[in-house]
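In the block that follows, a single chain appears as structure tokens, in the form predicted on its own.
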């Protein structure tokens, strides 16, 4: 890659002073690629955890047991009313202090890495919003639809799994897309616990090269591209899963 980009960006630096070092320095390029890979993996893991938590929470809200419904309501209230960076620090420094250490052959490391805590904390944070999104989707399913399943001798569980939830997912997609995009951007705060994602990686570059403006521009463009990709995927998914006559 450098053999193609290095002459261009070296010439750019010499003529304008703009220092996009990852495109002509091998070490900085390595840090950039590590940041991209870690950031994309973090986004995928956090979004997956938030979806699972959201689905389980929405199902628990329909439970016959008031204790379970109360626990879900408490979870939503706590995680929606506190800043995600505070939650991240609480999980990493608070709960992390009580997790076991693993012997790595002469030194000890936490059983859960900073990456793992970021996935847990941000996934649970995003899940608190997804619970309400899926709940709204479930309530949008026409009552006549679920009543029709009773005539087919469906059990309540079969109705929920095969009829209510598939339709609720379709109704939830517009709001879900917005939350997933917001959550993808929120993963950038993982740098505060030293997860080597894009913000952390590029901060290392600009500390060494003193090219803050250039690296911030690169970071800005990166997140625009990520959000655009998620938007396109969710838009296509919404079109493919739309049900004519429902929700229109």
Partner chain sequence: MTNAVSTTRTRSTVPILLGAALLLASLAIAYLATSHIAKGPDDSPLKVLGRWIPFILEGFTLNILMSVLAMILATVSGIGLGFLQISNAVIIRQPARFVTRVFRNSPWLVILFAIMLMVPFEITLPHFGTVMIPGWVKATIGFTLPVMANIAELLRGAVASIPTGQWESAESLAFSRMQTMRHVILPQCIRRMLPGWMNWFALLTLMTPIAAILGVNEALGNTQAAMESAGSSPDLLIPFYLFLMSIFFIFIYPVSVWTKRLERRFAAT
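Numbering follows the first chain given and starts at 1. In this text the structure is predicted, and so the values were computed from the model without any measurement.
There is another form of the same protein, the form predicted in complex with the partner chain; it is not shown, and what comes next is about it.
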| query | Every residue in 115, 196 and 208 with a non-hydrogen atom within 4.5 Å of the partner chain in the predicted complex? | reply | no
| How about residue 93: is it within 4.5 Å of the partner chain in the predicted complex, going by heavy atoms? | yes
| Is there any non-hydrogen atom of residue 101 lying within 4.5 Å of the partner chain in the predicted complex? | no
| query | Wondering, does residue 11 line up within 4.5 Å of the partner chain in the predicted complex on heavy atoms? | reply | no
| query | According to a 4.5 angstroms non-hydrogen atom cut-off, is residue 188 in contact with the partner chain in the predicted complex? | reply | yes
| said: Please identify the residue among 120, 89, 138, 173 with any heavy atom within 4.5 Å of the partner chain in the predicted complex. | reply: 89
| request: Scan 221-235 and note down the residues that get a heavy atom within 4.5 Å of the partner chain in the predicted complex; none is a fine answer too. | output: 223, 224, 227
